[in-house]
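Heads up, the chain below is alone and in the form predicted alone; it's given as structure tokens.
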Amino acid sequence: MRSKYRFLTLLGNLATYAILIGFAYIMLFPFIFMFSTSFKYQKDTFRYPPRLLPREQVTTVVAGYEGEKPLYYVSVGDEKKPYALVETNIKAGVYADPNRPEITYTVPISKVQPSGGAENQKSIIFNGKEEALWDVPIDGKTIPMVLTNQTAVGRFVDPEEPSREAFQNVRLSEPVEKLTIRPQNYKEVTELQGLDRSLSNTALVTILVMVGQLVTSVLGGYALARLRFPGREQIFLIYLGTIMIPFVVLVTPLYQLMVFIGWVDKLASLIIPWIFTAYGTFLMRQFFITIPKEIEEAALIDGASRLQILWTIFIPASVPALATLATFTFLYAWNSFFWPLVIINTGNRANHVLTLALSILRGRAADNANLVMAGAAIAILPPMIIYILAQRFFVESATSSGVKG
């Protein structure tokens, strides 16, 4: 019974891990596909069916031809061999053998002659209609066939023996490819839209907003948690109630304020209005309340000032809460789009942030999905790294929030 119980437990654990891994793959697949596409060539991004890993078409040098020629798989008998494409847009006809109409051959028109000559060309009844016969060379033999369609083909030659040639539709041919990456996409997208300046602007705005919110939240949270003054609870409730005001309601008065101050189209408008946060003040206040008052009273008896107590006792004890607030602030400031779109002119590239630059890039590089994905990767990587590094602080904050001193 014990061995059976262990076996069932093992199966249950394996099933749980399989389900979790499956959901994790589904969640991560869009990001994996984005990063892989950012290293692809332009042609590879529009391949159907789409492929995850980036590939590059293999080329080779063919004797008697200038430059490198792309390789494609060509059907030679029952095998597929890599042949080099040396000529395109050759007029060709699709010919069918009257005795075996299900088999067709694509042959350049220049290699086909009328059966019986141009003046006395033979004909045959094919599919209920009278059709002209053409002498089509197939594998060293000349077979009378009926022209069923016309198309354009490419001329492919064997790289090792250029005298061996074949003709087939280039668009329908399978290219010979190899796994590769193209890191130049990141350089091109940076030069195209100036993402290096947008990245530095975003980093500057994000760091200043994050530091500003940490300072104001710590000071406000400590004052509302520890200092006694008339109307403290009412002020806190009013300040906390501002969280319920939708941002769209504040856009117009905030924009008018920026016009009055003269901060329109300047980075200051992306920083100063956002260094005060009711959420951060509430978070720090709730955390400071959990710190035992006896520690603070002992420090006051020893002659410590309020700032000394805040710096030496409260801040070191609130590292998980500070890390959580810093992470949320970083993600919000880094990904902010609507307010920069309103306050920063799209023509002022010197003050663009990443979200605004990516919005413009989506239009300028609409036919270059690899460049758009490279720009998106530049914008996504920093917050992903910050979130992964700070994830453990979320757990510490959640576990410590329910423990009273």
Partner chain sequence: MLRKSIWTALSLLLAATLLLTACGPKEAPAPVEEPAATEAPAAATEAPAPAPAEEITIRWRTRPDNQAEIDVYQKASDAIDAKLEGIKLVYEPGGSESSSYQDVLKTEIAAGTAPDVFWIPGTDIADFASRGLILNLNDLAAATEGFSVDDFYPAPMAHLTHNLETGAEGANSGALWGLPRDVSTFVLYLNLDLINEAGAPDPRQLAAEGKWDWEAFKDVATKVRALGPDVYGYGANAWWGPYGVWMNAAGGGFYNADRTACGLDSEGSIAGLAFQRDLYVGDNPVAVPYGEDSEPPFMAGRVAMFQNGRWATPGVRANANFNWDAVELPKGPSGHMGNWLFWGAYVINANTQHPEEAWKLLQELTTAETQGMISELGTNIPSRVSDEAINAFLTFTPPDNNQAFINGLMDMPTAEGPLWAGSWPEFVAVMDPAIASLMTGKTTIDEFKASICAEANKAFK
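All figures in this text were calculated on a predicted structure; none of them were measured in a lab. Positions refer to the first chain, counted from 1. Basically, rigid core = biggest C-alpha set you can superpose within 1.5 Å across the two forms.
Keep in mind the form predicted together with the partner chain is missing from the figure; the text below concerns it.
Put simply, of 180, 88, 286, 113 only one has a heavy atom within 4.5 Å of the partner chain in the model of the complex, and it is 88. Residue-level contacts in the model of the complex: of 76, 313, 264, 138, one residue has a heavy atom within 4.5 Å of the partner chain, and it is 264. The partner chain in the model of the complex comes within 4.5 Å of a heavy atom belonging to residue 367. The closest non-hydrogen atom of residue 100 lies beyond 4.5 Å of the partner chain in the model of the complex. The closest non-hydrogen atom of residue 152 lies within 4.5 Å of the partner chain in the model of the complex. Proximity of residue 62 to the partner chain in the model of the complex: non-hydrogen atoms within 4.5 Å are absent; the residue sits far from the partner. Look at 76 to 84, 117 to 125, 166 to 174, 139 to 147: in the model of the complex, residues with non-hydrogen atoms within 4.5 angstroms of the partner chain sit in 166 to 174.
Interface residues of 22 to 59, taken as those with a heavy atom within 4.5 Å of the partner chain in the model of the complex (partner not displayed): 42, 43, 46, in sequence order. After superposition on the rigid core, displacement of the C-alpha of residue 90 between the shown form and the other one stays below 2 Å. Once the rigid core is overlaid between the shown form and the other one, residue 313 counts among the residues whose Cα shifts by 2 Å or more.
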